[in-house]
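Given as C-alpha cells, the chain that follows is alone and in the form predicted on its own.
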C-alpha cells in the first residue's frame, strides 16, 4: 500500500485531477474561475517561499511586485497596444529589474529590519499606483485588459482555456521551484537561512545569493500578476495592498513555509475555505485570525511540515519496534 501512495504516484494523481477538473465542472464558470485564481496566487506564493522559506528573508513587498506585473501587462496591452505574450515577458523583466534595484538596498538590512523595509516599499508601490492617474488610472484602475492572443488554433476566450493556460504556468513554476531547491543553489539558500555567518565562513557570497533569490521571488510574483490581469481584465490598486501580501503570507504559513508542497496546499485550502464562508464575510478575520494563531502555535511548520514530522515520527517508532523485535529473537549457538 505504501508503494502505491508514494510521492511520485500522488503527484501524478494530482496532475490528472487538475487536467480532468474542467471536464467535471464544464458548465460552472464560477468554480473554474475560483480554481484559476487559486493557481495564480499559488504561483506568487511559490515565489515568496523561495525567499522566505529557503533563504530566510521575509519580504512584505510581494504584493507590490505582483501589482507591478499586473499593471505592466495592463498598461502595455491597453495603452501600448502590445501583444499579450510580449507584454507578459516584459512584465516579468520589469518586475525583475525593479526587484533588483530595490533588493540592492533592502538586502543591506537583516531580519525584522528587512521585513519592515519591504513593508514600506510595498506600501509606496501601492501609493504610486493609487495616485498616478495618468498611467495607472488611479483609484479607477485599468479596464478592458485583453485576453491572451491566440497561439495558432488555440484561443483563450473560454474559462476552460484560461484554466489550462494558468495550470501550465503553475506546473512550470513548481518545476522551476523544485529544480532550484534540489540544486546546489537551493542548498546554498538553505545554508544562508540556517546561519548566514557560517555560510560566509564557507566562502558563500551571501549578499549575491540573497539578491538572486530576491529577483527569482519577484519574477514569480510578476508572472502571477500578469496572468491575474489577463484573467480578470480589470485591476485596481487593491492588488498591491497590505491585505493582499498578508493573504500570501497566511497561505504560506498555513501550507508550510520552507516546503515544496506548502504553497499549493495552503493557497488552495484557504481559497476554497473562503468560498464556503462567503455568507459570513463580515466575520472573515474573526474566523481566520484564531485559525492562523492556532497554526502558528501548534503547527509552526504548517500543514505540510506537520504531516512530514508525523510521518517521520511514525517511521522512527516503526524502526525502533523492528530493532526491538530483532533483539528479542534468540540466537542459537553452533557447535563445531
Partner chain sequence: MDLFLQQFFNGLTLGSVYTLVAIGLTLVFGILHIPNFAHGALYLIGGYVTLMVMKGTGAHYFVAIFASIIVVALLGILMERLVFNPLRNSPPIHDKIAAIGLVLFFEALVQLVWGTEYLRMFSPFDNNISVAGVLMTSQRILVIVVAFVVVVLLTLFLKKTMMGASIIAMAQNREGAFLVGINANAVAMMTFAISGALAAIAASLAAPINLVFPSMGHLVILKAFVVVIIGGMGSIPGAIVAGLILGMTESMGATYISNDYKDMIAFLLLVVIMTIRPKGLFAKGVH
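Residue numbers count along the first chain shown, from 1. A quick note: this is a predicted structure, and the numbers were derived from the prediction, not measured.
Unshown form predicted together with its partner chain; subsequent notes refer to it.
**Q** Give me the residue from 100, 234, 164, 246 that has a heavy atom within 4.5 Å of its partner chain in the model of the complex.
**A** Only one listed residue qualifies here, and that residue is 246.
**Q** Please tell me which of 94, 76, 253, 142 lies within 4.5 Å of its partner chain in the model of the complex, judged by heavy atoms.
**A** By the 4.5 Å criterion, the partner-contacting residue is 253.
**Q** Is its partner chain in the model of the complex near all of 52, 116 and 290, within 4.5 Å of a heavy atom of each?
**A** Result yes, every residue of the spot touches its partner chain.
**Q** Taking the shortest heavy atom distance, is residue 269 within 4.5 Å of its partner chain in the model of the complex?
**A** No.
**Q** Quick one: does residue 171 come within 4.5 Å of its partner chain in the model of the complex, counting heavy atoms only?
**A** Although its partner chain is absent here, residue 171 would stay clear of it in the model of the complex, with no heavy atoms inside 4.5 Å.
**Q** Hey, in the model of the complex, is residue 306 touching its partner chain, heavy atoms inside 4.5 Å?
**A** No - in the model of the complex, heavy atoms of residue 306 and its partner chain never come within 4.5 Å of each other.
**Q** Can residue 123 be called a contact residue for its partner chain in the model of the complex at 4.5 Å between heavy atoms?
**A** Within the cut-off, so yes.
**Q** Which of 154 to 162, 226 to 234, 80 to 88, 130 to 138 has heavy atoms within 4.5 Å of its partner chain in the model of the complex?
**A** Of the stretches listed, the one contacting the partner is 130 to 138.
**Q** Note that its partner chain is not shown here; using its position in the model of the complex, name the residues of 86 to 109 with a heavy atom within 4.5 Å of it, in sequence order.
**A** Result: 105, 108, 109.
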